[in-house]
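Starting off, we have a lone chain in the form predicted alone, written out as C-alpha cells.
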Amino acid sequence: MDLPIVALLAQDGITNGAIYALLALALVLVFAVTRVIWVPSGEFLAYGTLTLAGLQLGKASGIAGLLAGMAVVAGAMEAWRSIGDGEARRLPARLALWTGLPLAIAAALYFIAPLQPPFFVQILLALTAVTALGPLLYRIAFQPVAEASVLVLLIVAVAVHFALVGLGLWFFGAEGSRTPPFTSASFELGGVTVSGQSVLVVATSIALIFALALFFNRTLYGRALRATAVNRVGARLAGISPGFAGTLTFTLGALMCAFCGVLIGPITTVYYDSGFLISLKGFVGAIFGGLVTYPAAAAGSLLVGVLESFSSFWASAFKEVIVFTLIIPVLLWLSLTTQHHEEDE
C-alpha cells in the first residue's frame, strides 16, 4: 500500500466519518433528552436523499402525502387532548402548528416540485419536508408513551422503523437513487488528489456541528434541552415542558439526519432501506460516548469511517463485520466502568 492509496482511503474514511458523526450526534441528542434510541434515524437519511432525487425529476414523491396524513393525525390528537383538558381556546393555535404548517409545507412541495427550481432551492425544500416529519413522528408515536420505560420506547422505535421502511418502499420504489455532486472540482495537496466533494462534505458537517454547539450554549432553547438531558425531573420543575423538549429534539434530529442524506446522496446510491445500515454505523460511533457524550461520539464516528475505509481495501467482504465488531470492546469497557442502577439500589 503506497502513499496515494493511503491518502485516498483516509479521504474516503474521513468523509464517511463526518456523516457518521452527524448521525451519532443526532442519536445522542434524541436519547439524552427523550430516552428514545432513535432506530428510525436511517429512514430520515434515506428520505432526505430520495426526496431530493425526486425533486431533480420534478416529482414530490410520496413525502407530501405522508406529511399531510401525519398532520391530520397529529391535529386530531391535539383536538382530543385540548377538549379533554378543557383547553378548547388553545385549539386553533395548536391546529395551526400541528396541521396547518405541515400541510403548507406539503402543498409547497407538491406545487413547486414540477417547476424544477434551482438545486439550492430543491435542497432547502427536501430538508424542510423531511425535517417536518420529525416533530409529527414524536407527537404521534412517542409523546403518548413518553413516560414509559426505555425498553418500551425502544420497541416503539423499532415498530416505527419498520413502518417507515415499508412506506419508503411504497413512496420511492425499490430502485436506488443518487443526487448530482455539489461540485466536480478537485485539487492537488502534497501530490495527492483531494476531491472538492469530500472537502465540502467535511466542511459542511463541521459547520453544522459548530452551529449546534452555539445553539446549545448560547440560546435559551438550547440550554433548555441541555437541562432536560442532564436532569429531566429538575428541568420539569424549572418549567421546561417535556413535550416541547421532545418536539424540539426530534426536529433537530430529523434535520441532522436529512442533512446527512443530502450529503451522502452524491457519494453512494441510496435505496429505501439503505439508511438502517448507515445509521447503525453512526450508532457504533455514538456508543463510544455512551449515548451521552458528544465529543466522544464524534471521535468514535470518525474512527468508524476510517476503519471502514481501510477494511474495504484489506478485506472488503468483511468490512461490515470488522466495523460492528468494534462495538464489543467498547460495550465491555462501558459495562466495567459505569455504575449500574442495581448498585445504587
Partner chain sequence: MVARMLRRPLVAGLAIAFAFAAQSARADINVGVTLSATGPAASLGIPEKNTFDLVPTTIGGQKINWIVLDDGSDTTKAVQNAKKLVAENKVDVIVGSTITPASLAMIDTAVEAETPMISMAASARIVDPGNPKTRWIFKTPQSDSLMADAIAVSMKANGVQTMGYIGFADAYGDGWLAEIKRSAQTAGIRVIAEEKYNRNDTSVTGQVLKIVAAKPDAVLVGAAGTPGATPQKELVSRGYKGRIYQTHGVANPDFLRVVGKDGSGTLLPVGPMLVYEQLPDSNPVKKVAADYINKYEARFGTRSTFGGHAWDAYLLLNAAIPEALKRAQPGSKEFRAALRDALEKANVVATHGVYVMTPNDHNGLDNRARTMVRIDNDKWVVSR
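Please read these numbers as outputs of a predicted model, since none were measured by experiment. Positions refer to the first chain, counted from 1.
There is another form of the same protein, the form predicted together with the partner chain; it is not shown, and what comes next is about it.
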| item | value |
| --- | --- |
| Heavy atom of E175 within 4.5 Å of the partner chain in the predicted bound form | yes |
| 4.5 angstroms heavy atom contact with the partner chain in the predicted bound form for E87 | no |
| Residue contact check: I264 to the partner chain in the predicted bound form, 4.5 Å heavy atom | yes |
| Distance check, I278 to the partner chain in the predicted bound form, heavy atom within 4.5 Å | yes |
| Answer range among 76-84, 131-139, 268-276, 103-111 for contact with the partner chain, defined in the predicted bound form as heavy atoms within 4.5 Å | 268-276 |
| Residues of stretch 305-331 in contact with the partner chain in the predicted bound form (4.5 Å, non-hydrogen atom) | E308, S309, S312, F313, W314, S316, A317, K319, E320 |
